[in-house]
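Have a look below at one chain only, the form predicted on its own, in structure tokens format.
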Amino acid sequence: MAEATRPIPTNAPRAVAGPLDWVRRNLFPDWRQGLLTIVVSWLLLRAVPPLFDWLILEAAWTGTREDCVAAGGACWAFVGARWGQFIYGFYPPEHRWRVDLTMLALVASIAVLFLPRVAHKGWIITGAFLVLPVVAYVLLHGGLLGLEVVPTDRWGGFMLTLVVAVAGMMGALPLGILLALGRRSKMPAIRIFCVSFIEIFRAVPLITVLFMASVMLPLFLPQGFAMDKLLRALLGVALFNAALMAEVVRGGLQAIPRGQFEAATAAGMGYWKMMVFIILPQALRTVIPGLVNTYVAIIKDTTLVLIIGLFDLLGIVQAGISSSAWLAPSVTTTGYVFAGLGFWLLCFGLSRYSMHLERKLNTGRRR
């Protein structure tokens, strides 16, 4: 009886370490994934070397259009020649330091959020929301502190892309939160207004909103009152994305258990205090992927401002490749590659920060 219940001895698990074991476990765990690894490796070997040759080895880094045609690769000389326009648009060269200072303030505000030992990041974000737009307006537009006025029709390139994207993000999030709360309100007038706003803006394309803001809105303004075209575009982008953001936030609010509302009410909290300190922090943490997805869409939608005569990064690149001095297939391809790389860097950086934030906020849950 004792022999029947004795455990059967087994071999000790084999130690797994080293690069060959990593390759076997991750790339060839079974025959299906091994076959997929071979196919993907073959495709990469077919695509990457020619792409590397075109981008780097055969590229023309300096010179003119003729040099680019003779080289046969990418025409980075075109990007170098138009670098100022691609970054600053038609902003006066003697005042471009103001754009650099604004971008530096934006990067510094974002970089602080990555530092683990910086305290009170919530106040830093709130301060950036309130102070950064004012500082950016004073620096970019001028008219105060002795700065010369630079009209918005001279803004363009990467700078205009950042302005539209950041203004759209900063305007869409608070408006979206208010619309989401209003849609769940028990007051019929507020709920109907918020539902109507969300459904109308969500059902039309952004290009229509921009066209209405640029062409139709001035017709309804009082006589003698003019609104800047860029400001109208920023309003259109913010309102359109606020409707999308509201649905993302509403999803987070619905994910909060009923007990959280009841516990906050039992503790004597009013509606706004409960929302600000209990409900919204949990709801926004839940919908971080959805918020980042909307932010990425805002960055890419900045290219639509071209239809109302504003030249963002893609618009200024298209204007550059249409010039007779640089008319060549390699110049056109290089221009679009450069614009795509600029948008990819923005979206990838935002995605990485989102992943960093999710890992940090989920730490408590893992414990």
Partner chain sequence: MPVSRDPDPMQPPRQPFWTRSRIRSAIIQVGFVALLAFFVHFLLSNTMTNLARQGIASGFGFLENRAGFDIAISFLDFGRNDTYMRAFWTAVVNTLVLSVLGIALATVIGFMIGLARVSPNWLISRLAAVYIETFRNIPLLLQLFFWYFAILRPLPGPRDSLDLAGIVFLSNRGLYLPKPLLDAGAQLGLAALGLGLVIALVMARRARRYRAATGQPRRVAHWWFLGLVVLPSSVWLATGARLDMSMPELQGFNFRGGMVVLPEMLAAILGLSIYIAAAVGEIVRAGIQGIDHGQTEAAQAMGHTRGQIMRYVVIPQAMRIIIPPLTTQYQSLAKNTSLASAIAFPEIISIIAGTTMTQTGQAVETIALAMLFYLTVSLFIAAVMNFFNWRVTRLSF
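It should be emphasised that the depicted structure is a prediction, and the values quoted were computed from it without experimental measurement. We call the rigid core whatever largest set of C-alpha positions still superposes within 1.5 Å between the two forms. Residue numbers count along the first chain shown, from 1.
In what follows, reference is made to the form predicted together with its partner chain, a form of this protein that is not presented.
- The listed set 327, 44, 69, 55 contains one residue whose heavy atoms approach its partner chain in the predicted complex to within 4.5 Å, identified as 44.
- Think of it this way: in the predicted complex, its partner chain has a heavy atom of just one of 119, 145, 189, 266 within 4.5 Å, and the residue is 189.
- For the three marked residues, 205, 318 and 332, a heavy atom of each sits within 4.5 Å of its partner chain in the predicted complex.
- Although the partner is absent here, residue 306 is a contact residue: one of its heavy atoms lies within 4.5 angstroms of its partner chain in the predicted complex.
- At the 4.5 Å threshold, heavy atoms of residue 211 reach its partner chain in the predicted complex.
- Contact between residue 314 and its partner chain in the predicted complex is found at the 4.5 Å heavy atom cutoff.
- Contact annotation for residue 359: none of its heavy atoms lies within 4.5 Å of its partner chain in the predicted complex.
- Just one listed stretch, out of 72-80, 248-256, 126-134, 195-203, contacts its partner chain in the predicted complex at the 4.5 Å heavy atom level, and that stretch is 195-203.
- If you take 211-243 and check each residue for a heavy atom within 4.5 Å of its partner chain in the predicted complex, you get 211, 212, 215, 216, 218, 219, 220, 221, 222, 223, in sequence order.
- Core-superposed comparison between this form and the one not shown: the C-alpha position of residue 34 differs by no less than 2 Å.
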